[in-house]
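First, one chain by itself: the form predicted on its own, in structure tokens.
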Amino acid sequence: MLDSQHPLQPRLDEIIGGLRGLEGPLLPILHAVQAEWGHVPQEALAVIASALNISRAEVHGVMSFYHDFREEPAGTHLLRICRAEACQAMGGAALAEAAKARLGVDWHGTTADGGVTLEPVFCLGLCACAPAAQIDGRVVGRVDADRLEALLKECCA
């Protein structure tokens, strides 16, 4: 539990109090916490677990199952590369390697300047236009290393 003087505590109490009455409140609470702070702070897990009368392990399990939840803040821009089978069959592995090399980070890494976070995602729904990527919520198909470079220049210049 957080100390009542902890800077997260008042807002965390508001978020939990507003959502705990829902059926299945854990996901909405986690989404709201991440929307507030850009990630789900580790210290919030015990507070959420206690408020919902579940274990901290259960909260962590849900967080780690869903790829949208982050334990650390993402960079200014979020680049997701599809890792599903259709994209892999159409050059997704090469695209992933090009993204890692271009950014100098591995999966879930953020560039040193905090500009871009690279995340894998398992299906963006553009299987017919594989390989696919998503940059700042915009889904793009038929991405190769050159198109990736153009997308990064467009968003992150």
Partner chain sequence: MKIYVPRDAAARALGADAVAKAVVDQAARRGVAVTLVRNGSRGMVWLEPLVEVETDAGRVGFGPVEVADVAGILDAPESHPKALGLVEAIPFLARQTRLTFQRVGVVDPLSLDDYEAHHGLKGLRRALGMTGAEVVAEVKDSGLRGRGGAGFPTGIKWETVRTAPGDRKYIVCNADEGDSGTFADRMLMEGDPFTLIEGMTIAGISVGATKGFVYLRSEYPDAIEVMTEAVRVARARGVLGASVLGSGHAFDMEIRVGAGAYVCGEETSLLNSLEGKRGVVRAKPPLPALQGFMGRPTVVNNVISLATVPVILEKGAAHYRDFGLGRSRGTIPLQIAGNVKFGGLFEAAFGLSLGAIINDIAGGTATGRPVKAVQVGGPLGAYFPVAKFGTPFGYEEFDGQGGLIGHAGIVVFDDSVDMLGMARFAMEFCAIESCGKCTPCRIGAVRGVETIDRIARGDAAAIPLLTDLCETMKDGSLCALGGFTPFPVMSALTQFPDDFARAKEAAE
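Remember, it's a predicted structure, so these values are computed and weren't measured experimentally. Numbering follows the first chain given and starts at 1.
Although not depicted, the form predicted in complex with the partner chain is the subject of the following passage.
A heavy atom within 4.5 Å of the partner chain in the predicted bound form is found for exactly one of 101, 112, 27, 46: 27. Using a 4.5 Å cut-off to the partner chain in the predicted bound form, not one of 77, 79 and 118 places a heavy atom inside that distance. Interface residue remark: residue 68 is counted as part of the site for the partner chain in the predicted bound form, having a heavy atom within 4.5 Å. In the predicted bound form, residue 96 stays away from the partner chain, with no heavy atom inside 4.5 Å.
Contact annotation: residue 146 falls outside 4.5 Å of the partner chain in the predicted bound form, judged by heavy atom distances. Although the partner is absent from this view, residue 142 contacts the partner chain in the predicted bound form, with a non-hydrogen atom inside 4.5 angstroms. Contact residues in stretch 75 to 94 (any heavy atom within 4.5 Å of the partner chain, taken in the predicted bound form) are 80, 83, 84, 85, 86, 88, 89, 90.
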